[in-house]
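The chain that follows stands alone, in the form predicted alone, written as structure tokens.
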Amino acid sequence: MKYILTILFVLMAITSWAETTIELWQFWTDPAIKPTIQNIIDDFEKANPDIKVNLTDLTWANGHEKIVLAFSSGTGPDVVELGSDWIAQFGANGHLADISKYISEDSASFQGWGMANYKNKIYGFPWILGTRVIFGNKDLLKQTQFGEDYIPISFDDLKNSSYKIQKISDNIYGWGSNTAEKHRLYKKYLPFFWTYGAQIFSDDGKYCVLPSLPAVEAMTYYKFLHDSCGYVANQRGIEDAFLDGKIGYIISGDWLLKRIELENRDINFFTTLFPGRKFPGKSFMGGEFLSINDASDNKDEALKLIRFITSPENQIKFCKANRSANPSSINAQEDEYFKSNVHLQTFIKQINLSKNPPVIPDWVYIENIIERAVEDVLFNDALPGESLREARSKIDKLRK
């Protein structure tokens, strides 16, 4: 009997010793989606009984600071969810593992790798991507000569129809224009900036070329919409007014589709790709990535967890729960859930016609400089060319 007990204790010790614990930090805390995240983790643990996952929730209010402190003190998690804007920052500081050699079998099946590529090394696996499209109010267009089936495909189309909607009545606006809202305003300007053909940096990345003629044209156009027919508010305020039938066009993300569905909004709307000089135009792209701590002792298990979470079936499960439009998995995009919804299709098409900001460690500071330049033009009557030249000077000083 003692012999049997001894054997049992040894087996239990071996089993306990063989179990690997993975620390995963992530931001999806909404009650609508958190159970799905937990379900995916539970399924992973069932499929991999030798691996346990400890899940820690972060908030957007202080999550970035918590990650910085954890990496700096050597207590960072094995796997961490990062916004695309943060990857270069943590990659440049040596905190993220280079997973380039592990993704060859996956690279063609997922989108978004460019946002994780810093100095030709891949520091994150694309999970859920995001872009913005044009939302339009059909009922307001019906009250103009354009008609409810009208879709603006050029900048002139957008400008002219916005102006006509503005003339319907005093409390109707053609365009939703953002206030000086941090991390929001520059994302509204850059689609025009890119569609006009402007660049932030030269092709070799050495020089800031912000104050170009196309950039000035884009700023002038955006200011015209703002001044002539803009309903000015923060993003939530713009979306509220649009859903109340007060605005003709706004730029928004797939979260607005979620609001319309969950709030049972009765609005006759359409979604369309970004207009341009030639249809379609460019939009802004970002995304959520899963990265591995370079100091982790469990990189193989961490990569296995990442592959499981980002598998097509789990991305579909996530997007259905969160009503998201842009899984990074190309195979997931072929699911009937996406193909049967015309609005989700708009987002999937737009993601292929979108650009992401430069993948550089200082981007979070550069975006603020660009945002301030847009603010000065919209709210302080600064000249577009002068404002952009001043922004370039600040960016040049930052990069020295």
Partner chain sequence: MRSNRLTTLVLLLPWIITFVVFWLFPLLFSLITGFTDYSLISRNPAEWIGLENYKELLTDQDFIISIKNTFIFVFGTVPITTVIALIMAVLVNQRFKGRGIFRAGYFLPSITSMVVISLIFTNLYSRGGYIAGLASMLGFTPPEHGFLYDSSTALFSIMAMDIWMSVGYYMLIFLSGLKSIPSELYEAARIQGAGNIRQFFLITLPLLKPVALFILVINTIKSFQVFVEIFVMTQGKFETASMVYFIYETGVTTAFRFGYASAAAYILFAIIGIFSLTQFILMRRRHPLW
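Please read these numbers as outputs of a predicted model, since none were measured by experiment. Residue numbers count along the first chain shown, from 1.
Beyond what is shown, the protein has a form predicted in complex with the partner chain; the following relates to that form.
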{"query": "Joint contact, T179, Y365 and N380 to the partner chain in the model of the complex, by non-hydrogen atom at 4.5 Å", "finding": "yes"}
{"query": "Answer range among 272-280, 112-120, 191-199, 82-90 for contact with the partner chain, defined in the model of the complex as heavy atoms within 4.5 Å", "finding": "82-90"}
{"query": "Residue (of Y222, W127, F318, Y173) lying close to the partner chain in the model of the complex, criterion heavy atoms within 4.5 Å", "finding": "Y173"}
{"query": "Single option in Q145, S72, S104, S169 placed near the partner chain in the model of the complex, where near means a heavy atom within 4.5 Å", "finding": "S72"}
{"query": "Non-hydrogen atom contact G205 with the partner chain in the model of the complex at 4.5 angstroms", "finding": "no"}
{"query": "Close approach of V68 to the partner chain in the model of the complex, 4.5 Å, heavy atom", "finding": "yes"}
{"query": "Distance check, N234 to the partner chain in the model of the complex, heavy atom within 4.5 Å", "finding": "yes"}
{"query": "Non-hydrogen atom contact E45 with the partner chain in the model of the complex at 4.5 angstroms", "finding": "no"}
